[in-house]
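Shown here is one chain on its own, the form predicted alone, set out as structure tokens.
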């Protein structure tokens, strides 16, 4: 597993301070809606300046008509990020259009599809999708795999079944990881690192347990130590 740290703090200054404290680690950094809308391309460049080996996951969850998604995906590829995501709910045509547009890029970023947000519980998910989380996540994963995406964003609890339905090489990135049993907060489907390993997760995403810690670099060191033993 490769650790991905969520840079979800309220200001660019705080996010960059967190990244600076972690510059000794060659890890993934997740840049989400708030940070990118507020700080833009310059923020990504600033992260790379802190540590050129940081890998950047741009978490914007694109969802629009196929051509608009493809246009946006091409602009994301030009940013030099290493991974981004789209919503599987946009459908097979949108997925194919995105992947076709990126096919000319020699070193295109990894493209993942969001299946079911980890803030959903079963009942609220059914209100929107009329199916349970597990079955719909697998359906979305199969669609994504068929259209040539690299993997999906899902909870730890769907990871194993998704790989069994697609390929062991099909990537799963899983938010809501609580490495040492921290509070779930606004997440519904949380998991430990040990469970993530058992379920075949490739990228555990950890935010609040790191940036709310008084010593985030030490917390990352502890997490990486656990990952090295799994």
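Positions refer to the first chain, counted from 1. Everything numeric in this text was worked out from a predicted model, so none of it was measured.
Beyond what is shown, the protein has a form predicted in complex with cytidine-5'-monophosphate; the following relates to that form.
Asks: So in the predicted complex, is cytidine-5'-monophosphate close enough to residue 141 to count as touching (4.5 Å, heavy atoms)?
Replies: It does not: once cytidine-5'-monophosphate is placed as it appears in the predicted complex, residue 141 has no heavy atom within 4.5 Å of it.
Asks: Using a 4.5 Å heavy atom cut-off, state whether residue 223 contacts cytidine-5'-monophosphate in the predicted complex.
Replies: Answer no; every heavy atom of residue 223 is more than 4.5 Å from cytidine-5'-monophosphate in the predicted complex.
Asks: Taking cytidine-5'-monophosphate as it sits in the predicted complex, is residue 3 in contact with it (heavy atom to heavy atom, 4.5 Å or less)?
Replies: Judged by the heavy-atom cut-off of 4.5 Å, residue 3 is well away from cytidine-5'-monophosphate in the predicted complex.
Asks: Determine whether any heavy atom of residue 61 comes within 4.5 Å of a heavy atom of cytidine-5'-monophosphate in the predicted complex, and answer yes or no.
Replies: Although cytidine-5'-monophosphate is absent here, residue 61 would touch it in the predicted complex, with heavy atoms inside 4.5 Å.
Asks: Spell it out for me: taking cytidine-5'-monophosphate in the predicted complex, does every residue among 83, 147 and 151 have a heavy atom no farther than 4.5 Å from it?
Replies: The answer is no; none of 83, 147 and 151 reaches cytidine-5'-monophosphate.
Asks: Heavy atoms, 4.5 Å, cytidine-5'-monophosphate in the predicted complex: which of 88-96, 117-125, 75-83, 133-141 makes the cut? Say which one.
Replies: That would be stretch 117-125.
Asks: State the residue from 161, 193, 205, 70 whose non-hydrogen atoms include one within 4.5 Å of cytidine-5'-monophosphate in the predicted complex.
Replies: Of the listed residues, the single hit is 205.
Asks: Using a 4.5 Å cut-off on heavy atoms, what residues in 1-38 are near cytidine-5'-monophosphate in the predicted complex?
Replies: Residues within 4.5 Å: 6, 8, 30.
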